[in-house]
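Let's start with one chain on its own, the form predicted on its own, as structure tokens.
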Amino acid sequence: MSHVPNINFFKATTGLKSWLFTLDHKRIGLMYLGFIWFSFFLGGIFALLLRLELLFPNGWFLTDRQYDQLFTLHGAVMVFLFIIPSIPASLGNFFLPIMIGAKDVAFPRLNLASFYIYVVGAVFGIGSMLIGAVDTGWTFYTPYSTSTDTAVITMTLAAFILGFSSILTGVNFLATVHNMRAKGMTWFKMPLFVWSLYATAVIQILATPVLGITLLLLILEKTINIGIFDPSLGGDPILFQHFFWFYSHPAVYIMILPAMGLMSEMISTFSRRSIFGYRFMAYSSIAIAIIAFLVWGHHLFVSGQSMYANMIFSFLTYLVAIPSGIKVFNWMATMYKGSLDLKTPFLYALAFIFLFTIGGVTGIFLAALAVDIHLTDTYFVVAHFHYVMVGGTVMAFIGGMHYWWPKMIGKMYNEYWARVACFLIFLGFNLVFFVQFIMGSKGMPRRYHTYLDQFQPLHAFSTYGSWVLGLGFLVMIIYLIHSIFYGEKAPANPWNGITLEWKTESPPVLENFDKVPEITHDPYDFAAVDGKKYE
């Protein structure tokens, strides 16, 4: 099949086969994006059903077991199929090579293989719902997972398979960043989104095998009754928690680090200013990646582990707030006296700062040992987690998708409806989750199907908010699909950005650039590009 390098990647080759067997990182990124949005839709439906069931204190249309299965599926789909791969696999795959001036990733065939491994893992995960939906919670804690008769083996095997996709993507990104940067692009001329993907790749490669081995041990224990985690077989369930969280807390930063990189791109472009403290921002991504491996024990404060271990993990949890705080302060300093342009991607960036700050501050509450004992396993933890993961990662992901939608698709979306959707999503999210801080502080346990009547008004308020949130996402899906068919043709640089992806056509040509670029200025030096000083 012949390729035409100087026309856009959609038209360079045609037909279904050209997509299924493509080695082009841009097409692979878009295929990931489609599957990731399907996963988000599935997990979102589960979430709406959960909130509907919790409208009344004694349930409504689900049995206790069905409720357990539904919240397990919501968590497993959202974490393993959506949030972890969301930004790196879709936007990262599409833009990392372009942003460093490369034609493709280092290993295009490995990239395609990682996509199909993700699809196979997703099939196992969704298939396990049909066999017998798991009711253990998305963490698969023993002895629940070893005693239930649901499809634990199939679901954990799905997560095991998905881990390989994550590792291969990480290997590919590291090799690409090390070996394929354009002439003149030194380490400290790389965009911060590339830095964030680099730090994320380190975590993916080092932490994911721990989860894989843990889930494999769980499968062996369940199939041939080896006593590893199950206390009835002589195993230790706390050991499972240590193994699981040694991966899963770094996984939080697999989710949030790429979001932070996206934030830097959007804030710099729409503030028309260089990122304040660029080197500190780059180093803080690496610092987060390192400290992420040292804080898993804060998930076990009430498990009976040593009080000295608790003190150390509490200190380290406070410590990880420092590089995260550097990023927030530097974004604010970048916007200070900037020429702010309130386009939709920037609105999502502002929403990220507000929501992620709430998530971060409430994380400090949970790092305090005395406070955590009261708040553990309450709705306070649910609210904190969602403010970080949805208020952080998902807001940045949606903002990044709007930021790069004209570049990826070559069409402009309707700015008015995009702002309406952003407002509805922001409002709906806060209506759903802010009251859960109040519920949790008053003692409402998480995961409970039934609850005391005193919590009903707050649960109802949260449920009504979920309808606003769902409406916002529905509006967004409609105008984005509309833009594909009826949107105005996008210019090469609709936001006047100065990183390399804005130097190519919209959508990009097959080999990304007509000629190999050469880097002559810092990634966010607007003054050098515009020829005037920004105060």
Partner chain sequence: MASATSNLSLVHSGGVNFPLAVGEAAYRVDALYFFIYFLSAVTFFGIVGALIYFVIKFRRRPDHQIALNQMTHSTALEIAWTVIPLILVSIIFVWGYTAYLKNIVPSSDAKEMRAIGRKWSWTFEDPTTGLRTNNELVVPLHQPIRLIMSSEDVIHSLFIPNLRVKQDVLPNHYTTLAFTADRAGRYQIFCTEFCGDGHARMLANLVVLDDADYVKWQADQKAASSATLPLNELGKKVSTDQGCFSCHSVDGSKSIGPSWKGIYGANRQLVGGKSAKADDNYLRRAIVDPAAEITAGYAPMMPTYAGKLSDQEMAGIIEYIRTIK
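Positions refer to the first chain, counted from 1. Owing to the predicted nature of the structure, the values given are computational and were not obtained by experimental measurement.
Here the subject shifts to the form predicted together with the partner chain, a form of this protein not shown in this document.
Looking at 388-396, 104-112, 362-370, 73-81, the stretch with residues near the partner chain in the predicted bound form, meaning non-hydrogen atoms within 4.5 angstroms, turns out to be 362-370. Although the partner is absent here, Arg272 is a contact residue: one of its heavy atoms lies within 4.5 angstroms of the partner chain in the predicted bound form. Not displayed here, the partner chain is approached by Met335 to within 4.5 Å at the level of heavy atoms in the predicted bound form. Although the partner is absent from this view, Val119 stays clear of the partner chain in the predicted bound form, with no non-hydrogen atom inside 4.5 angstroms.
Although the partner is absent here, Gly212 sits far enough away that none of its heavy atoms falls within 4.5 Å of the partner chain in the predicted bound form.
Of the listed positions (Phe280, Trp187, Phe461, Phe423), a single one reaches within 4.5 angstroms of the partner chain by any non-hydrogen atom in the predicted bound form, namely Phe280. Residue-level contacts in the predicted bound form: of Phe455, Phe124, Trp405, Phe244, one residue has a heavy atom within 4.5 Å of the partner chain, and it is Phe455. Scanning 325-364 for heavy atoms within 4.5 Å of the partner chain in the predicted bound form gives Ile326, Val328, Phe329, Asn330, Met332, Ala333, Met335, Tyr336, Lys337, Gly338, Ser339, Leu340, Asp341, Leu342, Leu350, Ile353, Phe354, Thr357, Ile358, Val361, Ile364 in sequence order.
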